[in-house]
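Okay, here we've got a single chain as structure tokens, the form predicted alone, with questions on binding and movement later.
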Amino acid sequence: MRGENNYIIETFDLTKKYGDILAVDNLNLKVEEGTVYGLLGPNGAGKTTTILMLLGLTEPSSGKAMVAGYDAGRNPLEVKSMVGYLPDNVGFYNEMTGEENLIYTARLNGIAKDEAKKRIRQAVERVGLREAINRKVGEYSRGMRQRLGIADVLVKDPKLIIMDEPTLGIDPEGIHQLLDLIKELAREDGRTVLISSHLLHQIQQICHKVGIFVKGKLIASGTIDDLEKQLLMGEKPEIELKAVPDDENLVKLCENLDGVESIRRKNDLLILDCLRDVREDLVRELHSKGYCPVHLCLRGVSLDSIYLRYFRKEGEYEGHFS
């Protein structure tokens, strides 16, 4: 069923309307197999509606969504058999233990008893719930429920895992553990993970690529570097530099570098106004002259700054959110 490309998710002008409300507007999204992709946008941007269409849980008004080679609208059962979904509020039976909930999931998916036991044992170990798996889920914290949710997903052994705001309401230590587990799922298992979130910093830590989603539209997609390069087209880059020793010759070296237009100092940093990205040439020149760069970055290369700049570019930015 798969084409020649390696996209496990591919949408074609995917659109969803609720009356006069356009929730998803001609979405063309491509997610490569084995990657972690972050769908980034504020609440109400259309992220959850997109996920529901990918899962075949709601029909598009027009266009189509292909998941692992299947049309999600026409073949929802085939899609569900290879996709694991972790919603923002995971539903379990609170009066049952964690293990009983996982056994129930295995039965629903027609997994043989011996195979189910093996998968459950492996999943529980992996998410770090061995000591709590025989407790009732009603006693679990939010973070424990999320980890049980990932174990529940892993019991199905899916090719694709879709997570909707997975870190919402979890303490910092729990977030750290969860993000490490998500990275591991792609790196070690080769699974694809699609994460919907509005938490910029967390997305930047774990995603290979991100898509910026605003009012139903995907306004940008790519790696962090790709998005920054797109934004910098036609703009002059600024580079922050701190090197030792910090002396007059360091300033002269930077001034004489081809592509550097001007230099100014801000606290202990030199800010280079450039005609192009000169970082590679600068590092080479610094080392050849005996300088050690301890800080060197292109200003604005963070998902937070990229996000806000795209918002301003689209005229959509109305205020900062976490």
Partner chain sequence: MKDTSVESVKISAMRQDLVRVLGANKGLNAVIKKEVGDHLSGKRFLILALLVVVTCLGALYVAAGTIRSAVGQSEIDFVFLRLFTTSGASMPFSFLSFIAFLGPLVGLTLGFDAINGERDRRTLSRVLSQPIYRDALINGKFIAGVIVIVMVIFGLGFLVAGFGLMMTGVPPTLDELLRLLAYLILSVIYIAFWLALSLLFSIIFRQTSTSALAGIAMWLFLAVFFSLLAGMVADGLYPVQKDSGTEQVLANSRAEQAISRISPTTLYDEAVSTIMNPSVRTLGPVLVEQAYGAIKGTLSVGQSLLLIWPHLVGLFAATSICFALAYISFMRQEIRA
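Numbering follows the first chain given and starts at 1. Just so you know, these numbers come straight off a predicted model, no measurement behind them.
What comes next is about the form predicted in complex with the partner chain, which does not appear here.
- The stretch from 193-201, 115-123, 208-216, 100-108 that comes within 4.5 Å of the partner chain in the model of the complex, counting heavy atoms only, is 100-108.
- Shown without its partner, this chain lists Leu168, Met96, Val251, Leu181 as candidates; in the model of the complex, only Met96 has a non-hydrogen atom within 4.5 angstroms of the partner chain.
- The single contact residue among Gly174, Pro87, Gly73, Gly128, judged by any heavy atom lying within 4.5 Å of the partner chain in the model of the complex, is Pro87.
- Of the heavy atoms in Ser81, some are within 4.5 Å of the partner chain in the model of the complex.
- Though the partner is left out of this view, Leu269 does not reach within 4.5 Å of the partner chain in the model of the complex, counting heavy atoms only.
- The partner chain is not drawn, but in the model of the complex it has a heavy atom within 4.5 Å of Leu52.
- Contact between Thr35 and the partner chain in the model of the complex is not found at the 4.5 Å heavy atom cutoff.
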